[in-house]
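Below sits a lone chain in structure tokens, taken as the form predicted alone.
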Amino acid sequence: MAERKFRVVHYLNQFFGQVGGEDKANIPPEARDGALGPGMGLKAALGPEAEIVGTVICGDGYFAENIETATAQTMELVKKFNPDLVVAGPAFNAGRYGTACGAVCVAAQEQLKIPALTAMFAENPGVDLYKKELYIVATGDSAASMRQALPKMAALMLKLLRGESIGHPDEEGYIARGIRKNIIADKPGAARAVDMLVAKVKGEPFTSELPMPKFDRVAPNPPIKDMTQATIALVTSGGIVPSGNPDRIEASSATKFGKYNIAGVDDLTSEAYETAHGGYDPTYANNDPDRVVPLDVLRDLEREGKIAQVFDYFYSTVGNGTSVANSAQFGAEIAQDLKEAGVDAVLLTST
């Protein structure tokens, strides 16, 4: 009698599932038999021990805007294949896709009690959201690294399916999860610390056992000497946009920001403005958008002569799940625009 193969279900977005591009981003979850797209490469890398018995596809936009519903729908489709493991992606640096991959895998682990893993670029917002709960194989920032990613994914999948011990992130190729495990070392900690110190003093290579976090440090500008002569601009990551969201800023994992004219506008009314943000209850922001972008208060200060003027435009994006790389790019572009316009200070609001 032939030995039973492990059963795997693969989650893909509409693009890698070969349904379509952004025009199909709002499709709800659907299931197909067998492997599709990147699944064909995974199938080859898995070899005879495991087979991809089904693929579940969902549009990135649909999932981002309906996370709980989409996750539940996806799980119902996954259950029908009776899998031993769920794999998602790779998502590379696609923020909405990465968030969906993480949500699907966590749900598989919690609801179906089976292992799951995904793969994405280190700066994908899905990494920060799910790395403590999931094995996330590290990839490049685009599909150009697909060939390198799939064998690493397959190797880790097989270890999980066999119930084998998973090694260090550097050995297995996954992103560090911030989990510490006790091991028996050949030298006591004091001796290892001295060895590292000696290597550092000599300029020799060494690997720290406790990598330190890296933080951006930005030197603050000098204070404004006279606010009565200052032009103040409004910038928000709270997603306030003109009604209808003309720039189609995404509710999660934003890839753009908007610049909107408020010359002559004293109040951001509910009729003319709304929030595009998908990470908080929009009710209060939609009822009075000034709660997120306080134009009404700045106009009062302007009339009272406490500031010279409010800049004629405000800038808006969505901070929900937006990648560090995109955030830095938005900030640099907005700052350059404000600098060229002679703006003295920015009031930056969130949610």
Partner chain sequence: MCTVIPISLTVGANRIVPTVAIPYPLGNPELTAEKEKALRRQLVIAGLQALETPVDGQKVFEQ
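Numbering follows the first chain given and starts at 1. Between two forms, the rigid core is the largest collection of C-alphas that superpose within 1.5 Å. Please read all numbers here as calculations on a predicted model, not as lab measurements.
Absent from the display: the form predicted together with the partner chain. The rest refers to it.
Asker: Is Pro222 close enough to the partner chain in the predicted bound form to count, meaning some heavy atom within 4.5 Å?
Answerer: Contact check for Pro222: yes, within 4.5 Å of the partner chain in the predicted bound form.
Asker: Indicate whether the partner chain has at least one heavy atom within 4.5 Å of a heavy atom of Ala272 in the predicted bound form.
Answerer: Contact with the partner chain, no.
Asker: Quick check on Asp281: any heavy atom within 4.5 Å of the partner chain in the predicted bound form?
Answerer: Judged by the heavy-atom cut-off of 4.5 Å, Asp281 is in contact with the partner chain in the predicted bound form.
Asker: Does at least one non-hydrogen atom of Ala176 fall within 4.5 angstroms of the partner chain in the predicted bound form?
Answerer: It does not: once the partner chain is placed as it appears in the predicted bound form, Ala176 has no heavy atom within 4.5 Å of it.
Asker: I need to confirm a contact call. Of Glu51, Glu65, Asp288, Asp312, which residue comes within 4.5 Å of the partner chain in the predicted bound form, counting heavy atoms only?
Answerer: Only one option qualifies, and that one is Asp288.
Asker: So which of Met227, Ala199, Leu158, Ala143 gets a non-hydrogen atom within 4.5 Å of the partner chain in the predicted bound form?
Answerer: It is Met227.
Asker: For the chain seen here without its partner, which of 57 to 65, 26 to 34, 288 to 296, 43 to 51 has a heavy atom within 4.5 Å of the partner chain in the predicted bound form?
Answerer: The contacting stretch here is 288 to 296.
Asker: Using the arrangement in the predicted bound form, list in sequence order the residues of 230 to 262 with any heavy atom within 4.5 angstroms of the partner chain.
Answerer: Going through 230 to 262 in order - heavy atoms within 4.5 Å of the partner chain in the predicted bound form - there is one hit, Ile232.
Asker: Does Val86 shift between this form and the one not shown by 2 angstroms or more at the C-alpha, the core having been superposed?
Answerer: It does not, since the Val86 C-alpha is displaced less than 2 Å between this form and the one not shown after the core fit.
Asker: After fitting the rigid core, is the C-alpha of Gly102 off by 2 Å or more between this form and the one not shown?
Answerer: It does not reach a 2 Å shift.
Asker: Aligned on the rigid core, do the two forms place the Cα of Arg291 2 Å or more apart, comparing between this form and the one not shown?
Answerer: After core superposition, the displacement of the Arg291 C-alpha between this form and the one not shown reaches the 2 Å mark, so yes.
Asker: Which way does the C-alpha gap of Asn320 and Gly178 go in the predicted bound form, closer or farther, given it changes by 3 angstroms or more?
Answerer: Distance between the C-alphas of Asn320 and Gly178: shorter in the predicted bound form, by 3 Å or more.
Asker: Are Gly319 and Asn66 closer or farther apart at the Cα level in the predicted bound form than shown, by 3 Å or more?
Answerer: So the answer is farther.
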